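Let's start with one chain on its own, the form predicted alone, as C-alpha cells.
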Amino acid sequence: MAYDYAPFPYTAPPGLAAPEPRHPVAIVGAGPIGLAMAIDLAQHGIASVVLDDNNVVSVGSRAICWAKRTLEIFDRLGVADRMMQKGVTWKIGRQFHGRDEVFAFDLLPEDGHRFPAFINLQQYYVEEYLVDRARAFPDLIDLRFLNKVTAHEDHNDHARLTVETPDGPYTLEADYLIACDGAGSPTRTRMGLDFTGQTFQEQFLIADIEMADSPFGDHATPERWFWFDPPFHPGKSALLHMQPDNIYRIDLQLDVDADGRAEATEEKVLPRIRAIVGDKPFRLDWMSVYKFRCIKLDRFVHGRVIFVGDSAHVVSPFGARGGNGGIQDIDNLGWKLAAVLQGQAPAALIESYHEERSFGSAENILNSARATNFMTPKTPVEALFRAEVLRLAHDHPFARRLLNSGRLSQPCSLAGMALQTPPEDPAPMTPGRAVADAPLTGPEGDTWLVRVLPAGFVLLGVGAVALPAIDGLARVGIAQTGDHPCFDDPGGFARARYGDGWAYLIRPDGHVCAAFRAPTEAAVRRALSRTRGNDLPEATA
C-alpha cells in the first residue's frame, strides 16, 4: 500500500499495578474524532486518557474530504498547516449525464478566506498528524493503544471502565466517558441504545488506485467528478476524487442485490477501473463496499456518557458530512465540558451539546437522504423526477441546480437555540452562525480573522462601535482603534460580512451567540451568562 502503517508503541498502563486516580475524561477511540477531542480538551486545560483497541491508524483512505469549517477547527487544534501542505485542494465539482457534462459548480466563489472549500487527505494522514499533536500535551493527554474497553458503568457522578490489555485487565474511573468508538460503537451496544433513521439497500464500491497520469480529462487540476449513467458503468452512478500520493478514489454504485464480498475482489474491480481510466497504468491500493445509512441516536448525552461522531450519528458518504460533522461535534462539546469540569458553568451546559449537535446531525441526515433518493430512486415518482431533471439539465440551467450527487458539508446554524441571544435588530451575522473569515492586517502584518480570535469568549467590534471592557472577556476590533487588539480591513471583507458598527459575542467554538448595535456592559453580561448555560434548566441524570 502507499502508506506505511507503522504501529504505535504499547506501554503497560499504571492501572495494572495499582488503582489510578480518577481521570477528568476518558475517551474511547483514537480515530480523528477521539484524538481531536483530546486535543481540544487539552487546549482548555482538561486532562484525558484516550483508549483504543488498536495500535495503527485506520487502514484505507476512508474519510478524505475535509471542509473549510473543519480546517478552521483543525487550525485551532494545531494541525491544519500540516494538512494543507499534504492535502489536495479543490473547489470545482462537475456532474455528468452519460458522456455529457451537464453542470459545474464552484464551492467557494468568493475571495477572502484563509482556507479553501475542501481539501482531500486520507484519514490515515489525519490520524497520524493528530497523534503527533496529542503528544505535544504529555501532561494532559494519555494515549493508550491496545487498551480495549470491555465494560463500563455509570455511577451518576463518574463512569467506571474495565479495560483489557496485552498484560491483562484493569479498571479506571473518569468524571465523563466520551464514546468516539465509531459507527459500530461497543459503548452504544453495551447500553442497548438503538439508532433511528434509514438504512438503504443500495451498495457502493470504493476503490483507491495509485496512478501517475491524471484521469481529469485534458488538465490535472483536482476536481470532484460525478456521473449519472456513465458509459463505463451504465445505469449506475460513479464518483472520482484525487488524493495525495497520486491516489484516486473511485466510488461505483452496485446492484441492490449484489454480493458485497464478491464485488470487492480484483477479478471484479480491475475491469471496472480500466473502463474508467483506459490504458493508463494503475495499482489497486485499497477497496471496500458500503451501504448508505442515515441514522442517529435519539439522545447524545446519557448521564456521564457522551456520544460523539459516528457513535452518535451516521450518514452516507456523498456530501462529506460524516467526518466533518464529527469534528464539529468535538468543537461544540470541548469548551462546554471544560467549563463544567472547571466549575465555570452548570452541568446543564452539556445538555446543550445534545440540542445543538443532534440538530446538526439531523440536518446532515436530511441532506444525505435526499441525495441518496435522487441517486437511487425508491418509487416510480422519484425515478420520473430524476429522469426528467437529468434530461432537462442538458439544456436548461434551472434543472442543473436540481441535480443532487450530495450537497457538500456546510456548518449548520444554531440560530434560535437556547444559548443564542436574539438581536434586537436583524444583524448581518445572525447569532448561531459560525464565524466568517476575512483577511486582516495588524501590527505583525497580514493575517486572518479566524487566526486572531483568542481562545475563549470574544467580543468582536467592526467599525464605529464601542466595546465595553468586561473582566475575563477578550475584545478584538476591526477598522477601529482602542486599548484592545485592533486590525485593519484592507479589502473590506470583514465589514461586508459583519456590517459596519456592529459588535458580536463569539463563543469558544467560533459561533456567534449575540449581536449588538450598541453593546452595553449589562447586555453583554446577560448574553454571556446565557451562553454559559446559566439560563438552562437543571440537568438530570
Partner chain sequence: MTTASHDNLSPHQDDFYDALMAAHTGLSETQSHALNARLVLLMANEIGDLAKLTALMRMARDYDDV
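Residue numbers count along the first chain shown, from 1. Predicted model only: the values in this text are computed from it and were never measured.
There is another form of the same protein, the form predicted together with its partner chain; it is not shown, and what comes next is about it.
Visitor: Would you classify F195 as touching its partner chain in the model of the complex, given a 4.5 Å non-hydrogen atom cut-off?
Guide: Judged by the heavy-atom cut-off of 4.5 Å, F195 is well away from its partner chain in the model of the complex.
Visitor: Test of understanding: in the model of the complex, would G445 fall inside 4.5 Å of its partner chain by heavy atoms?
Guide: Flag for G445 set to no.
Visitor: Does its partner chain come within 4.5 Å of any heavy atom of A212 in the model of the complex?
Guide: Answer no; every heavy atom of A212 is more than 4.5 Å from its partner chain in the model of the complex.
Visitor: With the cut-off set at 4.5 Å between non-hydrogen atoms, does P397 touch its partner chain in the model of the complex?
Guide: The answer is yes: P397 has a heavy atom within 4.5 Å of its partner chain.
Visitor: Based on heavy atom distances of at most 4.5 Å to its partner chain in the model of the complex, which listed stretch, 131-139, 387-395, 431-439, 263-271, is the contact stretch?
Guide: Partner-contacting stretch among the options: 387-395.
Visitor: So its partner chain isn't shown here. In the model of the complex, which residue out of R407, K91, R76, R160 has a non-hydrogen atom within 4.5 Å of it?
Guide: Going through each option in turn, the one that passes is R407.
Visitor: Give me the residue from P380, G235, G343, P426 that has a heavy atom within 4.5 Å of its partner chain in the model of the complex.
Guide: Only one option qualifies, and that one is P380.
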